[in-house]
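Take a look at this one chain, the form predicted alone, written out in structure tokens.
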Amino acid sequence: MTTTVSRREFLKLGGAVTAAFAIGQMLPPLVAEAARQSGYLNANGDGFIPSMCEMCVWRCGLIAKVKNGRVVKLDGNPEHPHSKGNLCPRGQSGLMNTYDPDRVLTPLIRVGKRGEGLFRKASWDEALDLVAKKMLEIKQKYGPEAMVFSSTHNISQPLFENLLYAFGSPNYGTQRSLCFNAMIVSNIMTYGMEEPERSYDKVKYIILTGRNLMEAISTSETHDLSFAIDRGVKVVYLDPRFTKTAAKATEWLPIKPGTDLAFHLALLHVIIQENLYDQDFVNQYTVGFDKLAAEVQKYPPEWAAPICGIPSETITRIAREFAAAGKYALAHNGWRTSNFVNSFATERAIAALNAIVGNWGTTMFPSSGEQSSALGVPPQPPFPRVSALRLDGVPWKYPFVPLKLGIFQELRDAIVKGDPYTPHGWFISRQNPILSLPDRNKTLEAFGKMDFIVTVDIFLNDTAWFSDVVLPEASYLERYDPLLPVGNKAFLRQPVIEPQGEAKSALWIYKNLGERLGLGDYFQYKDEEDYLKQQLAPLGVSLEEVKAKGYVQLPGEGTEGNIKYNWNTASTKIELYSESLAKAGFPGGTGWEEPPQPGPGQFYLLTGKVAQQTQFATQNNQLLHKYSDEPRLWMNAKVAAQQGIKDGDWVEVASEVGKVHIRLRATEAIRPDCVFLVPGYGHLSKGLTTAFGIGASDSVLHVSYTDPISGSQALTQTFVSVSKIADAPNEKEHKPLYLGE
């Protein structure tokens, strides 16, 4: 039985959870002193402190209300361009992550079988000494490449990468290939940048391809879209499922999965064939238009209609409407573009569609990103030369995938195969590959081949549950992180309370481990505040000033005033045809690539974001759990009736790599050839007392498919069968596997 708390009960949490929350406890002196000096807190420890959220990667600005030394409310910071004074439900519930009774508050060392969940508490010295000892043993015996490092994108990433590159390993796994590799690589090949910035200020017509913005993590963009809809902007939304975004759109098109490419090729056909494109912009700022025009001649709306399930008249109308909006139109290039192996081609078609209507400088701009040359960095020597091949095939097999993105599923597969060599250790930070990577059984097999696994996190997530050492990180309300540039400001994440237990910041963990590994020269800062002071040194601004405001102004940063037409491609123009791709043996332009389709009795398996959760990270949050729907498998109601399945029945969902049991949700809000499963559930770790035993894991079902150009994992290319089962699954189905000593 999962325990939940109400808001009122949460505020009454005290010594019942841990001594750190004792009733009447004052804010510990370090944070209290700094906050009082900045004018945030009164003598009783009450007040408001600005910082940054990390309930998702959007990292909105927040203001924490502190009372009697405890965080009691989080609100959006009006000074931050991502929050604009608002926080989504996930952001407002972030204090529950900090005060979750399942928090890991001391280093843990495994004493039972791997996956059994038996750990003992350890001191930081013992835990870090053990981690350093094991890593150095692996390095000495097998080489530095035998250590794999993986992390989800976060502000302290530069320090994680310092540890990785200084150690000498080429093997770096991020979540990007499970999310947006297709979009990023397409943008690089077309625009010479990872992701242009989108503006909704002047937009008049929007095409959203599977971008469920009303439930997604890009809160400021959702805000801008909402206001655009309020003023009458037309929104065409393509998605096989009726989402909250579909409900807000002007027009919902339940497109057949894998055929977005056909739809956009047909749009290009109409706009070019009828000379509706911006000829001046195309002639001056693009290359390869003639080849694009010749290619899309083959793809009229009449060709696309039976493929994608959208009438040709609708496609033609939308093409003309989009072209009529011209530079005020926007075809959103999506975010989680890991759908099919043809997703890279789809992204190239979307980029071409934006280019030919000339919307650059009106609805699309260069992105300032998360780096700034105005900020200082601590000194460090160059990284050692790495000669070993990367396990994920970048770049020797996948030449167009940036090193910092990598191909996570290919890295895992190489571990299982031991090809081109066998790794022996895995260092994981803020990541949950057991729950997130496709084909969970294969990931567990990879873990079973490791001599040593260490995880940095605030919870015993599934990956920590199977680790040898768990290092407890302070929550984002308890720590400093490096400054984060957003537009023309750099924002500060600062602790609003002292870390509970023995939890430490990533800046502290990487520095202290790095020194034990003999890599201290790569972590030349005394503590977190010294690191921030070195960042601020070129600006001549004190850390105390930044604490007081929550941000520092950057000179000459942001997109305003930037040159509109400046692309970092080989031609310095938008490349509608890429000679680089062609020379490597890939299509230089954009043409039709037929996706696979489910066989008789099979369905496309869809997954995607929901408003109440963030991917695989928040299911144990008691406040979010309280307001989340029970995870169920969506199936078209008519199809369910034909199979004799009713709403609420237990069903077995099976793919070629696994099967799960879950209740059914019969609904008209999904195509008949699709089913939908909310990701992030089906945890193996019993250390997550709220999330354990809830729902089913989509990763158990997903088959590994990799796009040969972008390295993107084709999640929707998994096909499943669904059958009714007589009874609810029993408890043993939720017991974790043991992987031996």
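Numbering starts at 1 and follows the sequence shown. All figures in this text were calculated on a predicted structure; none of them were measured in a lab.
Only in words, not in the display: the form predicted in complex with a small molecule, which the text now covers.
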Worksheet item: Of these, 317-325, 288-296, 467-475, 268-276, which stretch puts a heavy atom within 4.5 angstroms of the small molecule in the model of the complex?
Response: 467-475
Fill in: Listed residue (Thr363, Thr190, Gln500, Thr243) with a non-hydrogen atom within 4.5 angstroms of the small molecule in the model of the complex
Thr243
Worksheet item: Of the residues Leu715, Leu684, Ile63, Ala696, which one places a heavy atom within 4.5 Å of the small molecule in the model of the complex?
Response: Leu715
Fill in: Heavy atom of each of Glu79, Pro495 and Gly550 within 4.5 Å of the small molecule in the model of the complex
no
Item to complete: Evaluate Lys511 for contact with the small molecule in the model of the complex, applying a 4.5 angstroms cut-off between non-hydrogen atoms, and reply yes or no.
Response: no
Worksheet item: Might Lys609 be said to contact the small molecule in the model of the complex, defining contact as any heavy atom within 4.5 Å?
Response: yes
Discussion item. Taking any heavy atom pair closer than or equal to 4.5 Å as contact, tell me whether Asp239 reaches the small molecule in the model of the complex.
Written reply: yes
Worksheet item: Is there any non-hydrogen atom of Trp335 lying within 4.5 Å of the small molecule in the model of the complex?
Response: yes
